[in-house]
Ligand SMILES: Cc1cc2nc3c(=O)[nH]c(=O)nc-3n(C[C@H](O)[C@H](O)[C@H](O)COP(=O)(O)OP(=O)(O)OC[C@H]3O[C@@H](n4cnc5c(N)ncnc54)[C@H](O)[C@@H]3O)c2cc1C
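To begin, one chain is listed below as structure tokens, in the form predicted on its own.
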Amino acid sequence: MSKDIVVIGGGTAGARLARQLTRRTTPAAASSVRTTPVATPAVTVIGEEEHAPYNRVLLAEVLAGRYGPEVIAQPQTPVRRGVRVVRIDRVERVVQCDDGSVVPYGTLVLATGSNPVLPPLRGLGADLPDGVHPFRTLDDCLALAAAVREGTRAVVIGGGLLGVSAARALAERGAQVVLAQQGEYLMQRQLDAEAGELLRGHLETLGVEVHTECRVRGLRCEAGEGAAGTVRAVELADGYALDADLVVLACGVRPRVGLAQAAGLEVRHGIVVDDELRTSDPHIRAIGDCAEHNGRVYGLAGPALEQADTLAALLLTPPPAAALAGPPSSHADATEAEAAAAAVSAGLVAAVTGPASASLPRYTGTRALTRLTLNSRGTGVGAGPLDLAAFGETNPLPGDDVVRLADATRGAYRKVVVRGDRLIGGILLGDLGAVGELARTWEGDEPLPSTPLFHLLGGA
């Protein structure tokens, strides 16, 4: 049976894991521990996209015309491109692909990512009308960039991070952009109402027309070349129609768990993993947007990278000597070569003899920070670049201390939430000179210094 590592998914998490596995060596052991190098398992990455791995965070920059696709390409990562895994055989430990190939594995890593949510709108079926685009992949981005022209009427449905990024990018390309957000204000998952209004004002300086508390009912399409026709307008619940040449669906993402479910793995919202990123099958791990750890699916690049790094360390860390020994041997003179063979059988990269190695790495969750930069070509009030950062719990509980500084003239806003002697969250808009120090304080989860709380906003 194969001892190799197979990664399904060539996105942010899968590509990072492959790079870490192929370039890192086994962590140095303590001086009292002897290591015996053994064969390193091969790593195979299988990805559906035809493109080489790329930085998904920068897709909006490609759509805006700031970068070409080659700029956001990740460092060279060998990937079997354009191949889709259709089945996992856990008994034989192989995966079956749509090109007819069968790939055996010793350790399988699911990095299948997520799919864009397609809202239940009238006129929107399995086949998208011409002019209607999700905004999740490089192909989505390139299709949008090819379709937009100066004066194109574009409607973005969804006012979260993805929708705001898409609206800004389309406006920079000269489109007439309307953003429709069902919630009370923009980016409700990260911001509060005051910050959301400042963000709205900044988008409006770019020429984006923002509608909040606005529910979309359906699409109006006319007959066209595609089976679903061509979009011509977006219908709102109040009967108003927004003329549209392009519609961007930015309504969130959903973990891709179909393969895992079909294989009988435990799935809730995402594929359930433990602190070693192990699924309910000990030979299968999961990382990135598809993984659910401690009841949470992050859906962000930062946690995906941290999970990939942790898993690489786990797969490259030899177990304690006792674990390598396996079942009691009938021969009392077991050799180091036998121990090394046991390590290879376990799919590891080194065998350790002597005292037990250090405890294995663990993934205990990510303290994720959301960062966004919006650029404006205007010259009026609020024009110019806007930096935004949000982290932690931004809605205070009774008893929490809150420090808030706002400057509407400059479009600047700072808010931090303190619970006891800990910084638990913050929202920063404008010049983010203080974001690095604040983020480090929050990520370290250390007691705050005994200085006035407003000093936390020292860059204000």
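In this text, all values refer to a predicted model and were calculated from it rather than measured experimentally. A residue's number is simply how far along the shown sequence it sits, counting from 1.
Quick note: we don't show the form predicted together with the named molecule, though the next part is all about it.
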property	result
The named molecule contact in the model of the complex: residue 427, any heavy atom under 4.5 Å	no
Distance check, residue 419 to the named molecule in the model of the complex, heavy atom within 4.5 Å	no
Residue 47, heavy atom within 4.5 angstroms of the named molecule in the model of the complex	yes
Interface membership of residue 314, the named molecule in the model of the complex, 4.5 Å heavy atom rule	no
Contact stretch among 235-243, 149-157, 208-216, 130-138 - heavy atom within 4.5 Å of the named molecule in the model of the complex	130-138
In the model of the complex, the residue from 85, 178, 273, 203 that sits within 4.5 Å of the named molecule by heavy atoms	85
Contacting member of 78, 302, 183, 252, with respect to the named molecule in the model of the complex [4.5 Å, heavy atom]	302
Members of 239-270 lying within 4.5 angstroms of the named molecule, judged by heavy atom, in the model of the complex	256, 259
